[in-house]
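In the form predicted alone, a lone chain appears below as structure tokens.
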Amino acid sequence: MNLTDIMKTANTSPYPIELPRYNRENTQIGIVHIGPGAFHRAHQAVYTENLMNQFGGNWAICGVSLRSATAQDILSKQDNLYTVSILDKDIRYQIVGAIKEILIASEQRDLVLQRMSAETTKLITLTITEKGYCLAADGSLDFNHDDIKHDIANASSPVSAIGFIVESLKIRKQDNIPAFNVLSCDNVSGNGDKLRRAVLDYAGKLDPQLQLWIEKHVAFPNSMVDSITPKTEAYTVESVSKAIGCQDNWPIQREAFTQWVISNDWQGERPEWEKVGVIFTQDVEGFEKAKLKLLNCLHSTLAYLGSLAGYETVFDVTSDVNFKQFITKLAQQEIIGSFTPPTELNIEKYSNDIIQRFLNPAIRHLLAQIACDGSQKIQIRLLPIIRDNLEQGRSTKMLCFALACWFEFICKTVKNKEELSDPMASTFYQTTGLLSEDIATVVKSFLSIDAINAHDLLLNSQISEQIEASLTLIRQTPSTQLGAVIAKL
């Protein structure tokens, strides 16, 4: 697969195919991205591609895989080009050329450090998951982490992302090259702050003067990302290759909706991503809160409610008019208004857009997948909204119904002795009160579990009564009739 071949076949394809419109050979690398996995290639690389397509600039990407050779092995054989299949009612395809090279840090350490310390490199971006930051429980760098211990002892031959960042900044400082900025793109709250803490802790251990230089010259903006990116399957490779008329062995699927919010905390040059839809703001936390309270809360609500009703995917359950009506009312009456959205966000439109995303027929998002780890998700997606509404004197009826759906989902799994994908699975199986036929006992048993952190709700008679009434209603209603019941809530 190369650009010449694709240009020959694109005009004969029945599908719209967008090609790179800039000169790839003459475009310099300005970004080094650590962790070139599916989400980066479907999200940040596409924003950068769109920027260079429309406005040019030397922002090509060097992808750095810390250990895995998969990205290099596959993409190098197709000129580092790949296809993004944008899934909506009408599917379209984009050939992305923004990634100019892929390096493997464990095998090409010197080349990676050379690329990161080059004066033309203005920005380091990362998608390595929070685990890659090597943090301790208190948020500081974990100096007992094996990778960090290795890097402290062998600073010029790092293996961790933190080690590579600090070593390349050390080289730039020594060579009087301006520092780069460091942008985390991981789906982690306060990602820039956490990464900054890790980098400064590590640098301080090596050289306090280097730590001070980094603190003064390097920005670590917080960011928020959002776009559903299903896993690439064999059928994806086959269908995309057929559509573009060339063999692409590593295409990416993505929904049409995409969002990238970045803090204005910058120093020096950066890509003008705002020209292609990125939001630069002083309130990344506000966008995170909106996503958590709307997208994530509605997702979890559908996961448990839809599973109890016998549905399999988000699209299936949202396509039922009663369930769509329920989450729409939940959003409008009990979620929106419970928090202050950022000034740049039209919260009503954002809420409606989320529900339209759920109705994307091309995205097969399994309810069972969303239902995993509920004990962790419920604590941040649902319980805080209930507390906010109590404090503000707002309705909590539908929120309590959503919580009762999770209770019943757990109870049915435990009673049927089925596998439960949850870090608290053993606790649930050992809590005998969940097997009780007495609704009040079930509710008290759930809210009394220390790890759920809901003792305050147990002591609130309004909440306990609403959950008990909801759970009673759920148990009295055949699964096929749940839609009719929630339509009356």
Ligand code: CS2
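Since this is a predicted model, take the numbers as computed values, not measurements. One rule holds for the numbers: they count along the sequence shown, beginning at 1.
If you look for the form predicted in complex with the named molecule, you will not find it shown, but the lines that follow are about it.
- Do R381 and the named molecule share at least one heavy atom pair within 4.5 Å in the predicted complex? So R381 counts as contacting the named molecule.
- Can D226 be called a contact residue for the named molecule in the predicted complex at 4.5 Å between heavy atoms? Residue-level check for D226: yes, a contact with the named molecule.
- Indicate whether T281 is a 4.5 Å heavy atom neighbour of the named molecule in the predicted complex. Taking the distances in the predicted complex, the answer for T281 is no, it never comes within 4.5 Å of the named molecule.
- Query: Closest heavy atom of K291 to the named molecule in the predicted complex, within 4.5 Å or not?
  - Reply: Contact check for K291: yes, within 4.5 Å of the named molecule in the predicted complex.
- Residue stretch of 236-244, 120-128, 361-369, 395-403 approaching the named molecule in the predicted complex, non-hydrogen atom distance within 4.5 Å: After filtering at 4.5 Å, what remains is 361-369.
- Task: Given the named molecule in the predicted complex, answer whether the residues L295, H299 and K377 all have a heavy atom inside 4.5 Å of it.
- Result: Heavy-atom distance to the named molecule in the predicted complex: all three under 4.5 Å.
- Contact residue in the predicted complex, chosen from Q72, N389, N187, S263 - any heavy atom within 4.5 Å of the named molecule: That would be N187.
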